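Form predicted on its own, single chain, as structure tokens, below.
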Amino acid sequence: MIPQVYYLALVFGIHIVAVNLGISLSTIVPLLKRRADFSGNAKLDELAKRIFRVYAATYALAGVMGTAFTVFLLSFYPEFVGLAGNITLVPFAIAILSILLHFLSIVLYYYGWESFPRSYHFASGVLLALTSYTIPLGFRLVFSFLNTPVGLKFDGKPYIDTFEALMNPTFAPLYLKSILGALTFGSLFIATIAAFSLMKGDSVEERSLYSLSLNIAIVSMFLMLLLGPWYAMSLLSTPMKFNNIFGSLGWSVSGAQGGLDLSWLFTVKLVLIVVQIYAILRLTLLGGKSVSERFNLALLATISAALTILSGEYLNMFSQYPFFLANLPIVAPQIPEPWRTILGRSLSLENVSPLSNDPSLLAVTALGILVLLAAIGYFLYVVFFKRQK
């Protein structure tokens, strides 16, 4: 694979893990705050606010890496961005509008914590949670379209019929699996934080948060295990992608030539899922065992959940290489000229901007990524580990 793809994969991987964490945190925080309001528990209220600050940090991280991904995409694939932006205008519009509303809800929720009436503040929390689900809805519509172009129409120029795109066989399982994966990862992350706090001293609020988070993780993990096979079967509509993932394991679709053998990455993902299941089962059976053991298991489950998300996204991304549109070889004969030629050129992952192939620019880009990663590392250190004076 060309180096530009690895640059995109690196920043996208960090972005998507932070986004998944944010989906869960923006769901749990309003629930905790609402419980604190009804119970009058000031400690629970403060706990919810501390978690919200963690969420603000993860949102900042997701925003920075999302911006880096967008800049790289524009720099490496200007032709694809111009074309895809027009074809998938409505799904992108849903995502962008949701991002703007989500940022507004963050501001309202934080600054309204003490000043808004409870009902208004809770309404801003509902907006916070809802927009965290509609952002990935827009992007998953785009991703499912890049699996197979359901809803692609031509009326002088190509465009996507959004209502038809919703019927894409890969959309529903991909979107729902993403949401449940985010809830699993985020709830395990919160359970880890709660277990760590309990190691420093017992607290009714921390114990309640630990139990709530673990219960959410158990339910969402179980549902995600059901959705995984659904998404795998939906990829039968995208034969090349299906063969790249499952061909070496003995499952393949005839008439479609695979490119990369990614069965090893699928196997890695399965191992990570097994690790999660093991850790969660141990946590549910521990009962009165030591808090340190619960923390270690929660941390193991959290790390494996994050790596599961990362491996799943890379599996989804690389399994259609060298095409942006996985089904392009199959649907190309049905596309009228001149769009067949235009799409064939712009939807190739190897059709990068000539300027981006310059070795010195690639080296500068790599250096820039290293600086960005160093800044992120320091930012996370300040947020999570540095003691405040």
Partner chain sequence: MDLLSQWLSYPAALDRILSIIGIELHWAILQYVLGLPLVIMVALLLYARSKDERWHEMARTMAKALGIVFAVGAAAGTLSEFGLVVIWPNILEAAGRYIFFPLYAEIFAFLIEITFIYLLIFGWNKIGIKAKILLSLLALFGAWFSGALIMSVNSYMVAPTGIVAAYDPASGWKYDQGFPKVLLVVPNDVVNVLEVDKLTSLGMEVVGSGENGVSVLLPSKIVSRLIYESWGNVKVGESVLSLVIRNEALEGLKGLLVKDVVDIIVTNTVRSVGYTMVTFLSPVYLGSIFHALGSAVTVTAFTMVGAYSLLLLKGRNEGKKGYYLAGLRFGIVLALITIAVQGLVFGHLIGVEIARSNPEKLAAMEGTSNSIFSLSRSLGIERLMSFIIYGSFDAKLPEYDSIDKGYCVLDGKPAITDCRPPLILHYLYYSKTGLSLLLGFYALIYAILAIKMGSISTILLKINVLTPIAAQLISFLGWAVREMGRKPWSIYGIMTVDVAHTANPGDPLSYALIALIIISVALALILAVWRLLYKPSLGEV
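Note that the structure is predicted; figures quoted are calculated from it, not measured. Residue numbers count along the first chain shown, from 1.
This next part talks about the form predicted in complex with the partner chain, which is not shown.
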{"item": "Contacting member of Phe295, Phe76, Tyr175, Phe318, with respect to the partner chain in the predicted complex [4.5 Å, heavy atom]", "value": "Phe76"}
{"item": "Of Val275, Ala232, Ile99, Leu226, the one that lies within 4.5 Å of the partner chain in the predicted complex (heavy atoms)", "value": "Ile99"}
{"item": "Exercise: Ala36 in contact with the partner chain in the predicted complex, heavy atom 4.5 Å", "value": "no"}
{"item": "is_contact(Ser356, the partner chain) in the predicted complex, heavy atom dist at most 4.5 Å", "value": "yes"}
{"item": "Lys200 within 4.5 Å of the partner chain in the predicted complex, heavy atoms", "value": "no"}
{"item": "Exercise: Thr148 in contact with the partner chain in the predicted complex, heavy atom 4.5 Å", "value": "no"}
{"item": "Which of 236-244, 259-267, 102-110, 213-221 sits within 4.5 Å of the partner chain in the predicted complex, heavy atom basis", "value": "102-110"}
{"item": "Heavy atom within 4.5 Å of the partner chain in the predicted complex - qualifying residues of 65-81", "value": "Thr67, Ala68, Thr70, Val71, Phe72, Leu74, Ser75, Phe76, Pro78, Glu79, Val81"}
